[in-house]
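First comes one chain, alone, set out as structure tokens in the form predicted alone.
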Amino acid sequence: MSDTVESRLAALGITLPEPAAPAANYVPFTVTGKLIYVSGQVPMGPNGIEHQGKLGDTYSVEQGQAAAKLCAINLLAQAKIASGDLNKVRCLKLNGFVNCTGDFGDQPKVINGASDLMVEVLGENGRHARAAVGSSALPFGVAVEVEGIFEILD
């Protein structure tokens, strides 16, 4: 099997979902020139929202990483719709938001769940700049939300 984004996803046992519709008055992504700005994605699974909890309280770093990974899967689903071909996409930046207590300081470890997946799936095109910040609350009580900026390659 050739080394494509699709083959890497298959090897990881990941099927990209149908992208979720926005939950409010915004679009799931915008494209300007060669850039794709993907709105924040929550950990939406096949049966709805998953990973509701607060890091440093009811949720562990490992559970947060799983939530961030699911957010990244949803980012890739949106980027695929926006670009038409994930083999022509480069991840430029991720912004990760972690629902956490005030004394929780492992936001970077949590967002590694998304960052690691981008590199696993996109290879060198998955290496990106990033922010990982704590938040006192996130929509629907989710543990993590991640937004991304991607480049469409020639």
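Position 1 is the first residue in the sequence shown; the rest follow in order. Just so you know, these numbers come straight off a predicted model, no measurement behind them.
This protein has a second form, the form predicted in complex with a further copy of the same chain, left out of what is shown; the following refers to that one.
Within this chain, V119 lines the site of a further copy of the same chain in the predicted bound form, having a heavy atom no more than 4.5 Å away. Using a 4.5 angstroms threshold between heavy atoms, A11 stays clear of a further copy of the same chain in the predicted bound form. When a further copy of the same chain is considered in the predicted bound form, L16 lies well away from it, no heavy atom lying within 4.5 Å. Remark: A66 does not count among the residues lining a further copy of the same chain in the predicted bound form, judged by a heavy atom distance of 4.5 Å or less. Proximity to a further copy of the same chain in the predicted bound form, defined as a heavy atom within 4.5 Å, singles out one entry of Q52, S60, T101, N87, which is T101.
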